[in-house]
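Presented below, as structure tokens, is a lone chain in the form predicted alone.
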């Protein structure tokens, strides 16, 4: 087990290194093609060459390689790796530390992920189990058709419809009926409120969770159907065990391995969805910060946030791998 964990950690470190290399090459090419992003620091003012060089040096963009198209800028990349190793993720164009930005933004993203994960798990497991239990019946056909319909509807379109079509009349009605600070008014607020983070993130989180649960429903159904007529399930029933006990401990548990595998993929999908959701709903989270940083050409924030998100993703994937043994005692890691 220890050797397996060590091997997976080494693979994770290699993955992170490759992500950082690719990210560095992409941002370097963007700078070489589009010009120095330090110009955004001056707004509409035209800086002198000395001022631009000073700001570029401050934000790690002063190396001459950024003016040479095709140069991989190995030196700045090694400098960034050394800084990251000491916990220094740089500053944004306003001089704020990236770590401070993350400390403020991360809790909002965690709130969104908590709502997304709970919605995804409850809806996916419940509807997937019902579809498997009533295979071939109206409930099964309806659940599968609904999941396909939701899966075919892009998340950003769903959020745009919600923000500009649903929230406008609903928030007006809730404010006039219950008051501006009432729970219904906050739930249908068209943008995020830092004073009421849970209330204003609930509906967008549920929508993102529903979008992610569509494929999960079909996966749960397929995994459980494989176990309904398995030998261990027939044996459990022949011993006189109740149907609820058989379903929970012999069907659901033995169907959990492919479900756990899907957690990693859904987590990565949720990260991408969080960028869109937080950007559209003005949520000051990791995705919203990344959205703004890309728009403002803030290289330090883009690289720092994506690196941190890559670290979290790799850790989740390793934890998912280790959960296999807990779910199925037959699995052993050499």
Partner chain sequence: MTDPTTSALVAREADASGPGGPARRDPSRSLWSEAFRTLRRRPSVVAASVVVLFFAVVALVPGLFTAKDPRRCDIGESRLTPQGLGAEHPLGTNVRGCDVWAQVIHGAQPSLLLAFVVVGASVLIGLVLGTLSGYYLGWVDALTSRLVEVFLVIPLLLAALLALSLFRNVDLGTGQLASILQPALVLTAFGWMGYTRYVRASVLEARNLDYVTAATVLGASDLRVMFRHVLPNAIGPVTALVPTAIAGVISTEAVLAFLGIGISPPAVSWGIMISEGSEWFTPGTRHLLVVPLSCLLATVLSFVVLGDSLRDALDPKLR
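Numbering follows the first chain given and starts at 1. As the structure is a prediction and not an experimental result, all values here were calculated from the model.
Only in words, not in the display: the form predicted in complex with the partner chain, which the text now covers.
Only one of 161, 121, 83, 248 comes within 4.5 Å of the partner chain in the predicted bound form through a heavy atom, and that residue is 161. This chain is drawn without the partner chain; in the predicted bound form, the residue among 142, 72, 184, 258 with a heavy atom within 4.5 Å of it is 258. Although the partner is absent here, residue 27 sits close enough that one of its heavy atoms falls within 4.5 Å of the partner chain in the predicted bound form. The partner chain is not drawn, but in the predicted bound form it has no heavy atom within 4.5 Å of residue 179. Within 4.5 Å of some heavy atom of the partner chain in the predicted bound form lies at least one heavy atom of residue 157. The closest heavy atom approach of residue 151 to the partner chain in the predicted bound form falls within 4.5 Å.
Comment: 142-150 is the region of 73-81, 204-212, 236-244, 142-150 lying near the partner chain in the predicted bound form, near meaning a non-hydrogen atom within 4.5 Å. Although the partner chain is not shown here, in the predicted bound form the stretch 3-20 places heavy atoms of 4, 7, 8, 11, 14, 15, 18, 19 within 4.5 Å of it, in sequence order.
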